[in-house]
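Below, in structure tokens: the form predicted on its own, a single chain.
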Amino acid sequence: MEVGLEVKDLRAGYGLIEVLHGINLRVQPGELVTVIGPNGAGKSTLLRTISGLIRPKSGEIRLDAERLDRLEPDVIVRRGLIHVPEGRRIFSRLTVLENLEMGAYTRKESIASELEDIYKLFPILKERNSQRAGTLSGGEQQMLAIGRAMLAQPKLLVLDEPSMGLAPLIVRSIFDIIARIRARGVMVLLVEQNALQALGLADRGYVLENGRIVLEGPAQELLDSGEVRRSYLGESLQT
């Protein structure tokens, strides 16, 4: 039975420096969950630890009850947890198609039908199919990074700052695509500086500060909370 992502008492950091202090977090099947908080709170460290790029000091990470925190990143990918990192990390000298194919490197069967599905989700990528990825706009590169991740057939899609550096119109398009991915039944864990947009899209949210979860709850409750609006969301909620 699918039970989603469960993070229990997670502690992690770099060398002797502990960045995450006893994190408890969950993403249930069908949910989109966001983590918000100020710069330096540990949000990217949290995602990197969940995806196996950082080895936790203690605690547990489970996906559908299977423990992941002792596995290498490539094995975690095969288990269905796919991370789209901050900065997109596309292969700039490869074409759009070659980048997409890299998302399916663990698969042996044909991906032709999945490619067409990605092109329906991101029509611009079909137009740019043979173009070098490094020549794409920032928004197109973000779409390529998400499309590549989708070809890995994620159970859980982990997104780190997908709107960073993008124009407002493109940001709206990216968030619309994330909503469509969630509607397909893919669990989504989203870290995002644009707190208003993230909470508006999410089912539930967590507020991370100094490596600790200081608030959590339904996204609408966090949006309605005066404390959250005043202390954590800042200018993103100014009208």
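So that there is no doubt, residue numbering starts at 1 and follows the sequence shown. Treat the numbers as computed from the prediction; the structure is a model and nothing was measured.
Below: the form predicted in complex with a small molecule, not depicted.
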query: Stretch in contact in the predicted bound form with the small molecule, which is absent here, among 61-69, 45-53, 177-185, 24-32 (heavy atoms within 4.5 Å); finding: 45-53
query: Listed residue that, although the small molecule is not shown, lies within 4.5 Å of it in the predicted bound form (heavy atoms), from 228, 219, 10, 19; finding: 19
query: Selected contact from 195, 41, 201, 207, since only one has a non-hydrogen atom within 4.5 angstroms of the small molecule in the predicted bound form; finding: 41
query: Non-hydrogen atom contact residue 86 with the small molecule in the predicted bound form at 4.5 angstroms; finding: yes
